[in-house]
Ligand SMILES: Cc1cc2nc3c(=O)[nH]c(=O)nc-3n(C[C@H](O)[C@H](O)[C@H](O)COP(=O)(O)OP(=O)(O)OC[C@H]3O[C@@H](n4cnc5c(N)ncnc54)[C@H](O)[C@@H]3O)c2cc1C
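Just the one chain here, the form predicted alone, laid out as structure tokens.
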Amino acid sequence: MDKEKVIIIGGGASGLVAAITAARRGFDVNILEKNDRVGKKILATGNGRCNYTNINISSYNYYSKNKTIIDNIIDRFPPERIVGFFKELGIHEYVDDTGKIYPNSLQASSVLDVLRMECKYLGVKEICDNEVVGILKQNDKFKINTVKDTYTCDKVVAAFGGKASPQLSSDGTGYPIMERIGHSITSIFPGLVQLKLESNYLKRISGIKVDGEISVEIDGDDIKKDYGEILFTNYGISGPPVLQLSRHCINMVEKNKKVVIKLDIFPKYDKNELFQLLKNRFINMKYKTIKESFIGLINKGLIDVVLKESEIENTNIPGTKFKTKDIYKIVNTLKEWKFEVLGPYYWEHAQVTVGGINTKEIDSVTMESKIIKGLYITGELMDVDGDCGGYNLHWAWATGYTAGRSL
């Protein structure tokens, strides 16, 4: 008896795992990939080291309008299960101090290599340079139209990916295709991305890095904060904590809310402690001007800008002649430097898509479409996104595995 045929649309993270899982169950599996090879985006993850999961995985690290699907998947796929899956393929894990899990080789290519080797061993066929342009179900069969051919199969896994990093061909082409067959798409925008800010000083401080705390302020209330290395750019701000907070900022900007981020360059000091620190410097360095006394305390490139932001007009007077109220102005800038968020940087720099296929249209146990039987939906295509740190790849592996096991 002929094997049932399955077509995986997209040879990314979720598509490759779905292919392996389906082939292990005896299906005849083909992957249709628009790139000249599968797994290009995997190679770019983790700065080329592939942070493929995280020991701290929980449903709290994910966002969606429907949390049920997140709870079901993460409960069944804790990090040790993903680590075990890859260990069987030859990937020995390395866990860093923050809980991020990498291949011990610290090479993303290792992860892609073992996935492709397993596909080859199982007889999965990769058909590259072949973009899918349409899906049609007639009777009990699917017809998949590509730019080159038409393929017929019994079941389909839609693993198109999202819109983030279009230079790797993750350009959102799956959304209109899925809409045409009846699925609805929530609003989408870049996630885990740098932010554009309103400021007169960005060009002057571009390239400067600080360790600090960032908080997101909506209508005067702090809704989220994070800490780490922050990089000023000529368009705004970047760095790990910025990426983590970006979806919350952009989500509110999309709703026409005024979004402000507050930067605390001295998070280990409260305002009174920082005031005393500055006052002592001015007293102990009484032969130096205000401007000179900041050398060695903050990045030299920030000194003029911080003083201007604090509305300090005369920066050449000795610190001993500085007024208390002026010291507090500087303290407020260093502790609560405010910038209005204009929006995200470009899709090319985003690591994940926020939004996607409405997950209420997907069976949260099997990943099967509730609209078209035999169609399964995985990964970034759906309205689920995670924090930075291996969470989005974990979601891709877990949903791909679920779909492959549920066919």
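Sequential numbering from 1, following the sequence displayed. Only a predicted model underlies this, so the values are computations on that prediction, with no experimental measurement involved.
Omitted from view is the form predicted in complex with the named molecule, to which the following refers.
**Q** Would you check, heavy atoms only and a 4.5 Å threshold, whether residue 13 touches the named molecule in the model of the complex?
**A** Residue 13 belongs to the contact set for the named molecule.
**Q** Does residue 393 reach the named molecule in the model of the complex, with heavy atoms at most 4.5 Å apart?
**A** Taking the distances in the model of the complex, the answer for residue 393 is yes, it comes within 4.5 Å of the named molecule.
**Q** Can you tell me if residue 341 lies within 4.5 angstroms of the named molecule in the model of the complex, counting non-hydrogen atoms only?
**A** Result no; residue 341 lies far from the named molecule in the model of the complex.
**Q** Would residue 91 count as a contact of the named molecule in the model of the complex, using a 4.5 angstroms cut-off between non-hydrogen atoms?
**A** Outside the cut-off, so no.
**Q** Of 357, 350, 375, 69, which residue is found within 4.5 angstroms of the named molecule in the model of the complex when only non-hydrogen atoms are counted?
**A** The option sitting close enough to the partner is 350.
**Q** Scan 194, 170, 293, 110 and let me know which has any heavy atom within 4.5 Å of the named molecule in the model of the complex.
**A** Looking at 194, 170, 293, 110 one by one, just 170 meets the 4.5 Å heavy-atom criterion.
**Q** Check, residue by residue, if 7, 142 and 154 all come within 4.5 Å of the named molecule in the model of the complex, counting heavy atoms only.
**A** Zero of three within 4.5 Å in the model of the complex.
**Q** Please name which of the stretches 156-164, 320-328, 284-292, 209-217 has residues with heavy atoms lying within 4.5 Å of the named molecule in the model of the complex.
**A** Careful reading of the contacts points to 156-164.
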